[in-house]
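The chain below stands alone and is given in structure tokens; this is the form predicted on its own.
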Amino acid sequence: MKQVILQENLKPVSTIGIGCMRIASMNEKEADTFIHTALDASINFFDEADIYGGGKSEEVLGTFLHNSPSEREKMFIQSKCGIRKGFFDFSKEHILSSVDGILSRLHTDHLDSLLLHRPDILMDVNEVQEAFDELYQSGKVLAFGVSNMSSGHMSYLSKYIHQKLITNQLQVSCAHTPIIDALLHVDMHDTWSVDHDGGVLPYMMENGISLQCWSPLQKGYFEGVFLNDPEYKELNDTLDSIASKYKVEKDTIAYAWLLKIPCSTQVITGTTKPERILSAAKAMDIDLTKEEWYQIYTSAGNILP
């Protein structure tokens, strides 16, 4: 099973992570099955955010931790803050109060990782620095990262904060590849050559920042999944063919495709179904060939130069 070390003071973390955005309505029995299915499949990474279900998703996970406190040491728990109703807020006051609320809902005394959820253009980096220092020194947060940020955002933050950014969570799937396209279509006039994010992937590779892929089965920004979508027939046919070779489901191959990206890559699943969690876990044991990886990339409609 593939694991990564995001930082020396952190426990090894599985390359497949469980996204908790949709667990807000789970009862205790459902949550127990959901979480134990992941743990039993060697998935120890749980991704939360304070806005998921208006805090209810963290409460569901927190109830599990309250009832089974010994399981906390097995788990790598990450949450995010910074999104408020109608605006983004990286003020020191909001970051600190957000973390206190997160810890209370989760029934834990620390987060393994805290991410700033989306760029706050009006942020005061000195306030972010002070908030991070206070959280780290108090032991409330062991490590820090970002979500949905460009190389410029990360470079600017890193000049002021005292902690290393360990991860950036970005939307990536077989059918959503802008962070990859521009790396292949260098110095060209076609659509794929457009660099939307300042070469974010090379920046992350160079600086040891892990890529966390969210919406790994989506064809666009919450436009639906590409699996079995007739618009992506060639992609589905390719995934089916390769899945048959490895004797797994095609969603497993879609996850394995992402894990092949050489950036200490992790995949955040969005499923709440135990059988789909088990399917995702199998991706940690699959190492696609280069030929297979490029075959999937081009079958999604991308063109190699």
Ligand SMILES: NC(=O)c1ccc[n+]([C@@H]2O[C@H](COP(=O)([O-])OP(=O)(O)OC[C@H]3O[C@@H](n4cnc5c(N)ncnc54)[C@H](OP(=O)(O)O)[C@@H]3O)[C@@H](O)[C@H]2O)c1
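As the structure is a prediction and not an experimental result, all values here were calculated from the model. All residue numbers refer to positions in the sequence shown, first residue = 1.
Although not depicted, the form predicted in complex with the named molecule is the subject of the following passage.
This chain is displayed alone, yet in the predicted complex one of K273, H66, H36, K260 has a heavy atom within 4.5 Å of the named molecule; that residue is K273.
For the residues A41, A31, V248, I268, the 4.5 Å heavy atom test against the named molecule in the predicted complex is passed only by I268. Only one segment in the set 131-139, 146-154, 230-238, 103-111 has residues whose heavy atoms sit within 4.5 Å of the named molecule in the predicted complex; it is 146-154. Interface membership of P216, defined by any non-hydrogen atom within 4.5 Å of the named molecule in the predicted complex, is confirmed. Interface residue remark: D47 is counted as part of the site for the named molecule in the predicted complex, having a heavy atom within 4.5 Å. Contact annotation for I77: none of its heavy atoms lies within 4.5 Å of the named molecule in the predicted complex. Using a 4.5 angstroms limit between non-hydrogen atoms, Q169 touches the named molecule in the predicted complex. Along 221-235, a non-hydrogen atom within 4.5 Å of the named molecule in the predicted complex is carried by F222, V225, L227, in order along the sequence.
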